[in-house]
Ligand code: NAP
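Take a look at this one chain, the form predicted on its own, written out in structure tokens.
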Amino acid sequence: MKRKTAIVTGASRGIGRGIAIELGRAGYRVTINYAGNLKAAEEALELVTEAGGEGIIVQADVSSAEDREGLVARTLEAFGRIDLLVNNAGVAPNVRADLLECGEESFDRLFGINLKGPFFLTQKVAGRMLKQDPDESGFRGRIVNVTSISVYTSSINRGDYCMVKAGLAMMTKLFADRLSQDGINVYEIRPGIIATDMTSGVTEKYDKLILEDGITPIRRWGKPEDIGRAVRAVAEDYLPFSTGEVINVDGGFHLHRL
């Protein structure tokens, strides 16, 4: 079977790396996008190859129109088509500031990387997918947006992060609706508390919440590979009759419990 191709943004570390490795296990050719850490991207590519896939690395800031153009062009030059786009790249505020004190610079940064970038990258990739012949499963493409439990969970010291993730959730619905007749399904994967660089600064806080207080019914930290396996389910077409679907990978955090 001809190998399918995926773009995974922010794939050098953390959740993105976990996704890229799982796609490698599925036999995908993966474009590993990174913003600045070349060494980490090279390590991710090596792990994808060891897992059974192949790939390239492409530096691009998804908030930049020129970089998005280059990311898509390099992928098409190397592989000829795009079967899966995973909008994973995201940043947290540099400073966790109270809602009444946070500044516009942080908001603009998070908006550009976490929402504007994925929106216009999806727009561009979807346009390309529409020109492709359907694959053996009948799809022209698949799109996955990685959001967060912050879509619906208030964190008043990082309100900008919550707002842009909520926007990404709505973006999923919009593109799912627009592309539903075109052989392109769109999904939202909503991680919970995942052990990555982004959460390393609050390890002690979440250790207590998870292990002692039981904030999640499954009492452990999430791992990048947990998200990777959910993306792989989409990549291998285990959800062909779903679009706009939210896949919670959060240890059961979303349950309302007494």
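Since this is a predicted model, take the numbers as computed values, not measurements. The numbering used is simple: start at 1 and walk along the sequence shown.
FYI, the form predicted in complex with this ligand isn't displayed, but the following is about it.
A heavy atom within 4.5 Å of this ligand in the model of the complex is found for one listed residue only; from A89, V144, V125, I184, this is A89. When this ligand is considered in the model of the complex, E204 lies well away from it, no heavy atom lying within 4.5 Å. The shortest heavy atom separation between P191 and this ligand in the model of the complex is within 4.5 Å. Not displayed here, this ligand is kept clear of V48 by more than 4.5 Å at the level of heavy atoms in the model of the complex. Although the partner is absent here, G10 sits close enough that one of its heavy atoms falls within 4.5 Å of this ligand in the model of the complex. Partner contacts here mean any heavy atom within 4.5 Å of this ligand in the model of the complex, and among 29 to 37, 207 to 215, 229 to 237, 49 to 57 they occur only in 29 to 37.
Of all the residues from 49 to 81, those having a non-hydrogen atom no more than 4.5 Å from this ligand in the model of the complex are A60, D61, V62.
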